[in-house]
Every structure is written in C-alpha cells, then in structure tokens.
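Quick heads-up: it's one chain on its own, the form predicted on its own, in structure tokens.
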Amino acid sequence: MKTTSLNQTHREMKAKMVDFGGWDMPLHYGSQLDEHHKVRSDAGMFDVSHMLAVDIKGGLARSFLRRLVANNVDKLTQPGKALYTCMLNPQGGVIDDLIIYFLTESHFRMVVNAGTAAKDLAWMLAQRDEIAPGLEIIPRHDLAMIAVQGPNARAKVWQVIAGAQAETENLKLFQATMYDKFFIARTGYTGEDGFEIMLPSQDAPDFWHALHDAGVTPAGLGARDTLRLEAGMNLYGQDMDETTSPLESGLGWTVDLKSDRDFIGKSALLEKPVKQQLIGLILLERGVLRSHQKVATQHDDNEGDGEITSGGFSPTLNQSIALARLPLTVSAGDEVQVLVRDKMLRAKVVKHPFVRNGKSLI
C-alpha cells in the first residue's frame, strides 16, 4: 500500500487508518463529527499528499493544455492564477477533474486525483506525443500537500510560516504564490476559506506539527467527504467518471464551448443532447441517503428517473443530503422519492451547494 510522508505522523496521532484507493490514509483521529465542525467553525488540516502535482514545461505548454482540457487555459494570464477543469476522453466522458496553475508561459502545474494519477499520466503522455512532442511532463512525487481549511485557517497558517502573511494576504480565490519552500494556493474542497499548501515531502511532518501547535485540528477522509458534499463539490468516481458528461455532472461551467478552440471530447459534447442534471436532495424523513439509491420523480415521462451519486448525513444541517443525477424536467422545489432500504422516502429537490462559509444555503 502507498503511504504519504505523513503516515507515521497520523499513526502517532492515533488516526484510524483505511485503504483509500491503494493509499494508507487517515479516516479520522477520534471523531469525524468534531473534525467536520472544527473546519466549519475554526480550522482543520488534511493530508492530501496522495494527490499528484504534475509540472508541464516547455514552449508548447499552453497549446498542449488548450487541446487537453475542457476549460480554456487562455483565461490564465496572471502568474499563480488557477483554473478548475476536466480532462475528457473523445466520447466526452470525464477522465479526471483537476486544477491547473499558470506559473510562466513555459511552466504550468496540474494537480490530479490520487486514484486516477497513473491513468492521467499515461493519457497525457500519449496526447503529448501527438500534440506537443518534446514537452516535459514531470510528476512531482517529491512534494507533499496539506490543506488548511476554515474561517481561521489563513490566520493560523500565517502564525506558522513566518513572513507569509504579507505575500499571501491579498491572494484571491484560485490564486497561488511561491513563498520560501511553500507553494501556497487559496483553493480548497470544503466550502470554507483557506489554503492548499505544497512543500518538500521531508518537511511535511514538522509543518504538520507546527500547525497542530497553532491550534489547527487534524481531519481525515470522513470529514473531508461530508464537508465537500455540503459544499456541493463533485467526487471523481462517484459524481462523474469516464462514462458521464461534465454537462450532466453539474460541471457545465468548467466547459468552454463558446470559443473556436477545439479540445478532446468537444465534438462529442456538442453532438450529444443533455438529458440529465446533477442536483441536490434533502431527505424529508428519517433515514440516510447513499450513493446508488434509486430516485423516482413525479413526472410520467422520466424514463428510468435517476439515482443518487453521493449522499450522507450533513453535520451542519443535521439532516441527510445528496447529489443526484435526475432528468432535466425536475427542478428545485420538486418532491421526489428515494428507495432507502426497501422503503420509498420523500426528499426535496434543492440547488446546491447546501453550505458555504459555515452557513446553510437551504
């Protein structure tokens, strides 16, 4: 099993470790619920070093990315600016969702998901040989990544990294900067403010301990999942995959179909009519919504209706919520029924996100 450079640190902090896509990762450090609430009310930190940073270097870097991903990297003109996007296959399915950072005209950095990293690299190398021979694609296995999230996250990071406040205080969302040995990005996966910080792997344990001493709560995969679900953020492999279109996964905003630029999967998206949408559900009865549960709507013409892609209990709202792929005829305010343990339970259709910056949006 693969381990991050913080593996021993997690064990010393009595984390419950689990196999997460072949990685030995912390599920929680005692209470998933406490960790969730700490991120919403103060600051928590996650080891996300299993995700892979990939540096794209060379004169053809921008041309390569213009063809490779669905969002338009021409939006990236300011050093440090980040872009969320999907990498598609020729059928318009999602190979992965990722973030791209613009560093210089000949240096971009991507961060890809852990479970898809090997597949992503193989795909990028194959496309590189066709689109931009000679381009360097460098997996940065030497970097660790720690996400510090919550209303007090940035202030606590500034306590730990001497002098970083002046350099990072004015970073807008989806911007990053290099400070000393730290690559600091104002991005996250929780619906809270904070940073995602890359640093040399060997320095990660000391940095983790320093953050802990500053009052940042260690948080595991359990809290990360409930936080991202409340924030209405997709999880690769559940809410979208190679068989689903980003246009039917709530990711239409990450797809640039307006410019003349051609990208892999574009023609398939234009040819295939959108029939479904990813939308939020709140359970109106006792029970818990889970992925793959079937959803029945009130509309007679909804062939096969839909199903939940991600579901669970929301600690912030104190009720069960879900993301579900449903027909376009369904809209916010509608009532649907979900098959939960052989019973049809009532649920209300809502727009997501459910929670942002600690507050309910429902």
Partner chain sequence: MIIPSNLKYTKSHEWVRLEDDGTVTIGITQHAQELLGDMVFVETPDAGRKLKQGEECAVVESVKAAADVYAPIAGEVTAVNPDLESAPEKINQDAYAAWLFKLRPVNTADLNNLLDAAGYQKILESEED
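None of the values given here were measured: they were computed from a predicted structure. Positions refer to the first chain, counted from 1.
What follows is about the form predicted together with the partner chain, which we do not show.
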Answer for Val330 alone: is it within 4.5 Å of the partner chain in the predicted bound form, judged on heavy atom distances? no
Do Gly115 and the partner chain share at least one heavy atom pair within 4.5 Å in the predicted bound form? no
Can you work out whether Leu284 and the partner chain are in contact in the predicted bound form, taking contact to mean some heavy atom pair no more than 4.5 Å apart? no
In the predicted bound form, is there a heavy atom of the partner chain that lies within 4.5 Å of any heavy atom of Val288, even though the partner is absent here? yes
Tell me the stretch among 39-47, 331-339, 25-33, 62-70 that has any heavy atom within 4.5 angstroms of the partner chain in the predicted bound form. 25-33
